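Just the one chain here, laid out as structure tokens, in the form predicted on its own.
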Amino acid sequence: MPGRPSLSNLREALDSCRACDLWEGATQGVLGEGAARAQLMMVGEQPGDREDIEGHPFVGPAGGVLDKGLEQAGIARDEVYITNVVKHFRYKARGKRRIHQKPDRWQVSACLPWLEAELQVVQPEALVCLGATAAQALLGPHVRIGRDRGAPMPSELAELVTITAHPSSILRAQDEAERREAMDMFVSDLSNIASWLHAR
């Protein structure tokens, strides 16, 4: 970990991270991207298959949902710093496909210093946890998406800290009606964050 972190030296140092075993099966580590002093920082779980190959966060199917949600909420993606708690893709090989696997708690803990360094560099005014892995890593194991989403959470990480569903959960909806409802809730959460930012 660089003594005086910047986004560029964190990105370089990530290549040599061996804090857990996930680097072994991954193509590369994926650091966050966006404005270095972004007002808004969004944190997901881990890179997926596309992110692992391309080296950029949220460029796969979940990234498409996130882009759509941000656009509908009036938030420009290039003004947001987007990252993940875990920097390497955890998966199970099934034939030629690589199926996402949730990282274990110890892997999340091992990776947390990278996210803490990103927070130190970016110093966002608003921090949004996308899904339970990010929320529990940063706010504690008591956090529940269904109960706590959209509400301001007590934290010193940023002036506004809140949580919402991970975009991938919208993709897993059972049918079109459920998917539309989940997307509407997601956009509503993001719209509230946009209103908070615009009121500053």
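A quick note: this is a predicted structure, and the numbers were derived from the prediction, not measured. Numbering starts at 1 and runs along the sequence shown.
Not on display, but discussed next: the form predicted in complex with a small molecule.
Contact between Gly32 and the small molecule in the predicted complex at 4.5 Å, heavy atoms? Judged by the heavy-atom cut-off of 4.5 Å, Gly32 is well away from the small molecule in the predicted complex.
So in the predicted complex, does Gln46 come within 4.5 Å of the small molecule, heavy atom to heavy atom? Yes - in the predicted complex, heavy atoms of Gln46 and the small molecule come within 4.5 Å of each other.
Non-hydrogen atom contact Leu70 with the small molecule in the predicted complex at 4.5 angstroms: The answer is no: Leu70 has no heavy atom within 4.5 Å of the small molecule.
Contact label in the predicted complex: Ala62 to the small molecule, heavy atom within 4.5 Å: So Ala62 counts as contacting the small molecule.
Run the contact test on Glu51, Phe58 and His166 with a 4.5 Å heavy atom cut-off to the small molecule in the predicted complex and return yes or no. Yes, the whole trio is in contact, each within 4.5 Å by some heavy atom.
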